[in-house]
Every structure is written in C-alpha cells, then in structure tokens.
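First comes one chain, alone, set out as structure tokens in the form predicted on its own.
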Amino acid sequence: MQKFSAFSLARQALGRHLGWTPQWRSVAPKPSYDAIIVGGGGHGLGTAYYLAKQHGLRNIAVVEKGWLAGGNTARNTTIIRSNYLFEQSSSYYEHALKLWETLSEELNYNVMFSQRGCLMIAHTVHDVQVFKRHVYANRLNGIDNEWMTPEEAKAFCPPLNISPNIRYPVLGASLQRRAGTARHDAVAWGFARAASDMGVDIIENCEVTGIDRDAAGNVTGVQTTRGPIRSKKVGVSAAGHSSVVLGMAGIRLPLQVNPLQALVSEPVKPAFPCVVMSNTIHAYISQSDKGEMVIGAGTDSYVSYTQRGGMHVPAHTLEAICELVPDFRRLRMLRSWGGITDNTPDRSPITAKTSVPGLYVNCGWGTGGFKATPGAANLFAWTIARDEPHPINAPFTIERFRDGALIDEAAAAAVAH
C-alpha cells in the first residue's frame, strides 16, 4: 500500500503527482469467498477491513449496488458522539468513539476527525431534566458529559443567542467535549484502501438480487446482477435497504424507512466552533472543513426510499436556526438532500446473527449510523467471524422485539421523531 506522509507528498510533487496509484483495486467478482459483505458504505467496508485484519479472513468481497459509499455514508451530517442514555447504547457508541480517536493513524488516511465538542441545547424544563439525567448516566458509565449554564454555553459557542426573549430560550446545555465530526467520504475511502490492500475485493455496480440457501436452510451465497457468488457467510449492512435484502431470505425486520433531510450553506470563514444540537426545535449544525454550515433537519413523516424530502422540513429547521444563531440569517443555502434512515421501534440498532445460519445483519441505525461507523464495523466483524456477538453488541438482537428487552433511545437520539 502506498503510504501517505509529508515525505511521500513532497516526492510525488517532484514527479508532478503522476506516481499515485489507485486507492483500491477494481476487480470482477470471483466464484466464491469466505465471506460476503452486502453494502459498500462505511459500515460494510469497515467490517471487511476488521475481518481481514483482526480475524484472518482475506478472501472477502464487499458488493455494492451503486458506487462505493454513495448511500447514507455520503448523506449524513458527520456528527460523532457517545453521550447516549442507556448503558448498552453508550457502551456501543463509546467503543466507536475510542476507535475514531486513532482511526487516521490506524488507516494511514486522514479522516479529518475533529473533537470540537457537541453542545446539546435545553429549551424547556423537561429538556433540562432530561439532559441532566444524561449527564449523570454518562458519568456513571465513565463517559464525559457536563452541564453548562446559558452563559457558559455562550462562552463555549459565541454565536449562540441566549436572549430570554426568543421563542425557545436557552436554559442550559450539556457538553461532551470529546465529541465532534469527521469527513464522511474520507472514512469510506480509508477503509476501502486498507481493506483492498489486505486482499478484500470491492465490487461496485453489483446489486444483490437473491440469497441462496441449501436444503438445511444454511446460506450458500448470493445472486447478483454480475452473476452468482458462493459463500457460507453473508453479512448485510445496507442501511435503509437492509429489510429488502433480508426479505430475500424470508426474514422480516422490524424497520421503518423514512427520508432524513440535511442541507449546507455557502462556505464562509470559520465562524462556528463546535457542534450544536437542539431537540425541541429540531436543528443541529456544525461547520465543515470547507466552510459550509452543515445543517441537519428532521425526518419526513412518510415511509419512503426517496433521497429527497418535502421543503417544509428544512424550512422549519432554518427558521429555528435563524433565531438560535442570528449571525446566519443572511447565509444562502447551497444544496439539500435526504438520507434513507432505517428506524427500529426503540431507535436502537440491530447488530446480530439472524435465524438463517450464516446470515448476519447490521442495521436499524436510524440517524446515528455515521457516528458508530468504526465501532459497528468492528463488532459486526467479530459477530461474523466467530458466529457469536461481542459482549458490547450482544443486547442488540432482532429477538429483543419479540422478548420485550428494548433499548429505548428515542429521546436520547436528540431527534424529535
């Protein structure tokens, strides 16, 4: 693998940058593999990487129906945090956050992870009570979180409007200082490059059309638009389309798919130092490395696989942001889009074996998939390789919806679904 460093950059500059090699290999599918990962986003690519590096499987294929990382990995607002309420969730996201902290060095690829802090704004007495509960719960689980007064929140994020006369006044905020953002495409490219170097085949424009099983019900491979591929292990990490793929094996997932909207402004000079989230008025915002204000809006209420949404949703979000951060009132919006979120009834993910031997699924991340990328990939790889869950993802089964062992993070997700 071609190493990135200041010396390699200087060396390539002397050669007019003509010596760079492709980031990953472009290959045709082989007849069979030890494991197939369905879904070429951050979770799928990361799973293949950890299978190869930590579990010794090298004959692996990642199949993607479109282009690499063209789904939700490219359509999120890149926020990373671990301040979830319940111990099961906070342990999962904290596992991911710790991997984020060393991921650039791990992959020899700058994923632009920036621990700028995440400020979660409280506007009502209920918000104050809920966020303080989060702070205490996180501290009990060894995760950083702290409560701030409106004045302290303003000092941490100067553009914030804490006037008592606005529609939803700021009554306080919780702050996770280790939270932040990363560059979504760099994460996918970094995992793809590292996995490809260890022999993983990344196959784009290869849609799965069926899942093959033998007489005993075990997985034997997949049917694709580029022909059949055999394997005794198939892991599905296809975000909003996971229920479609699992349906090919007769498995019905407890998922509802809704478009989640986001938008960015025109680029400006550095003006916003952290991530700010507001549940009550539903808005979250951070500034990208290119200077754009990255703004998260809400989910459309209808079930759909569209990658766009109704204009009333971002319009409502922008009204709130113009009040919360008045400095942004004259910013022009550059573009908007939607992501396909796969939401479980308890708003917590599924990372587990299925009832079909050899078939595994990582889905149900809703609005929180990007922040979990390295952690989910790492634990999904463990589950596939060992045919059993890691202790961290053991509670996140499909069977919890049958047994009532729910992990209800609907409020903790800081998104007003």
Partner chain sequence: MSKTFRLSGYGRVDRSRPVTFLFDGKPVKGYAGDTVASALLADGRHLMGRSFKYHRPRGPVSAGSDEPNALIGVGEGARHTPNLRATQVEVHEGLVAISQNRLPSLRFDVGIVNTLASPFLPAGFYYKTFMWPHGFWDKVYEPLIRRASGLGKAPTAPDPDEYGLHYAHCDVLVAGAGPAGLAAALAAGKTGVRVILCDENPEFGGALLSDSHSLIDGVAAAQWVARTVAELEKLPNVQLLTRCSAFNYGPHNMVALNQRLTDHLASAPVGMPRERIWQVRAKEVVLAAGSLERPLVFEGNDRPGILLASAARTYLQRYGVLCGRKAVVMTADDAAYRVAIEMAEAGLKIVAVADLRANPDSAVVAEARARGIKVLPSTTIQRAHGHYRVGAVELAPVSADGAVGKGRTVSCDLVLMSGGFTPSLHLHCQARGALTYDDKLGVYLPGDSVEHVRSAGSCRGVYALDAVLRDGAEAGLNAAGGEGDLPVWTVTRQDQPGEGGFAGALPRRGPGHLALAFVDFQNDVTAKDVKLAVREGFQSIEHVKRYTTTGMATDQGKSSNVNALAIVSKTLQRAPQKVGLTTYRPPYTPVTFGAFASHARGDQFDPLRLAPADGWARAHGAVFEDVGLWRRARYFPRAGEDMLAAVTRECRMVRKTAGIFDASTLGKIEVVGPDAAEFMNRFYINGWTKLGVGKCRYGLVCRDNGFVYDDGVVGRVAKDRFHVTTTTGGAAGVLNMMEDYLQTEWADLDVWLTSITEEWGVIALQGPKAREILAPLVDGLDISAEAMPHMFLKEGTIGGIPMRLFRVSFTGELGYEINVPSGRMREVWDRVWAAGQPHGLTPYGTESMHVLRAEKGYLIVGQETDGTATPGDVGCGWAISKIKPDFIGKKALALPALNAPDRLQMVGVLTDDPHYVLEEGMQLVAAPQMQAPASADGHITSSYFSPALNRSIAIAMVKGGRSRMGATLYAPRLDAAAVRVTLVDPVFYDPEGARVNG
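Numbering follows the first chain given and starts at 1. The structure presented is a predicted model; accordingly, all values stated were derived computationally and were not measured.
The form predicted in complex with the partner chain exists for this protein as well; it is not shown, and the discussion that follows is about that form.
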- Verify the flagged residues 150, 347 and 397 against the partner chain in the predicted bound form: is each one within 4.5 Å by a non-hydrogen atom? no
- Task: May I ask you to state whether residue 133 is within 4.5 Å of the partner chain in the predicted bound form, using heavy atom distances?
- Result: yes
- Task: Spell out, yes or no, whether the shortest heavy atom distance between residue 163 and the partner chain in the predicted bound form is within 4.5 Å.
- Result: no
- Message: Using a 4.5 angstroms cut-off on non-hydrogen atoms, would residue 155 count as touching the partner chain in the predicted bound form?
- Response: no
- Message: Residue-level contact is defined here as any heavy atom of the residue lying within 4.5 Å of the partner chain in the predicted bound form; does residue 169 satisfy this criterion?
- Response: yes
- Query: Of these, 142, 199, 217, 210, which has a heavy atom no more than 4.5 Å from the partner chain in the predicted bound form?
  - Reply: 142
- Item | Proximity to the partner chain in the predicted bound form, single hit among 276, 295, 194, 229 (heavy atom within 4.5 Å) | 295
- Message: At 4.5 Å, heavy atom to heavy atom, what parts of 8-28 sit next to the partner chain in the predicted bound form? List them in sequence order, or say none.
- Response: 9, 10, 13, 16, 17, 18, 20, 21, 22, 23, 24
